[in-house]
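Below, in structure tokens: the form predicted on its own, a single chain.
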Amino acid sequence: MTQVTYQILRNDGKGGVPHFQNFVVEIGETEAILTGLIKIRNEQDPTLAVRYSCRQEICGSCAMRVNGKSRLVCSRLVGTETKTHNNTIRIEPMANQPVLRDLVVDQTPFWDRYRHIRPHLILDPANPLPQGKESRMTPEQVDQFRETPRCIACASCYSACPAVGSDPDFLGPMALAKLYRFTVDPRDAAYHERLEGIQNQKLWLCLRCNLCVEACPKDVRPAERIVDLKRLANQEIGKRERGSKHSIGFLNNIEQGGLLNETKLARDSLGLFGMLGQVGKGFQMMRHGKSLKKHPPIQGLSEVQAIYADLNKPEDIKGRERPVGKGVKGE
């Protein structure tokens, strides 16, 4: 047992000034941070507002910011934090959601974005699911879900996402990962409709910072699923707005010459009229020695194009077949 200082951001939720309050707790290094919070509420300050339920990393209720990172405090150990933060644990409510009181937030914005993607199967009336029978899928079809079924909707990724904090149009990592899960479900009949609905800023506002991957306690890797959605949307819907135009233009640009032709990329992304607004930046780049001329093809361009050809091949499903008698993930 050791004495650990909990620095907790207090907020009365009534317009008062948020402030940190220190509590010293006698606790073991192998105990969960949540255990210390419960001790504080039971033994030192019963007014401390904390949200938790299962204490087994299942319900996702206890997500908070611990020393600046989104964590589940039921599974994050005291010793993990105190070893690198001088025996101190700073705890704040989740970001990107209004604070109700202390460490409890209003998750309405989070759930509104989740409902926006229609997180359920959209069926074709002409091809209903079999009544009274299971709807079978092959192991390969199940594998397309990747890690998304692990998600417990704890909102850790949502709290960590800077794009959510800066733009209300962005749906957030969890909603987009769930959207991917339904988009690739073979029972769902809204593949085109779902991709068409996000082939706009709702998808392309992702900053690709991977903070959501770091925050996720279940290794769902939402940033990777967002990349998959971009690929699927480009294939199904094509170029529609600046993000998808830039993505497809960049891909074609490298394949054609092996080096980035920034003038062509700007034209592909913005169009001729859009480029007029970038003339000033173009002159600034040239003044700093940046050439905007078209580069000659690089040596070994055929090798780059061979890589593209290999990446564009259909996925080798046969190589991913699971052994007989094994689970879906090969356990």
Partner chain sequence: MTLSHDVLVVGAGLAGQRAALQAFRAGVDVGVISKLHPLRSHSGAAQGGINAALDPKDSVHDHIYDTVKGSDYLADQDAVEVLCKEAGPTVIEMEHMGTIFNRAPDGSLDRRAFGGASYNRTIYSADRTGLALLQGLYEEVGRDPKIHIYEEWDAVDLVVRDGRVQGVVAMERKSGKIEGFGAKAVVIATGPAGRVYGKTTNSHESTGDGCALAYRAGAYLKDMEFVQFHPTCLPHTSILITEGARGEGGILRNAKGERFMERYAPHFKDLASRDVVSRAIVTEVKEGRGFPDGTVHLELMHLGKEKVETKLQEIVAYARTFAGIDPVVEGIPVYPAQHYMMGGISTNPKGETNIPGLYAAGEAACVSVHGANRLGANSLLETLVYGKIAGQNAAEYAKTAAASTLGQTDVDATTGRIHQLVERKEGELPAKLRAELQSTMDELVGVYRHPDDLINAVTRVAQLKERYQNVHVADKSSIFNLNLVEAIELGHLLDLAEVIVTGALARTESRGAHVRTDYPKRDDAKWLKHTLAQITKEGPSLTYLPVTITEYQPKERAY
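Computed from a predicted structure; not experimentally measured. Positions refer to the first chain, counted from 1.
Keep in mind that the form predicted in complex with its partner chain is missing from the display, and what follows is about it.
The partner is absent here, but in the predicted complex a heavy atom of R187, alone among R187, H192, K83, H116, sits within 4.5 Å of its partner chain.
In the predicted complex, at least one heavy atom of G13 sits within 4.5 Å of its partner chain. In the predicted complex, none of the heavy atoms of A175 sits within 4.5 Å of a heavy atom of its partner chain.
Taking the partner from elsewhere, V50 is found to have a heavy atom lying within 4.5 Å of its partner chain in the predicted complex.
By the criterion of a heavy atom within 4.5 Å, V104 is counted among the residues contacting its partner chain in the predicted complex.
Applying a 4.5 Å heavy atom cutoff to its partner chain in the predicted complex picks out W111, Y114, R115, P119, H120, L121, L129, P130, G132, K133, E134, S135 from 109-135, in order along the sequence.
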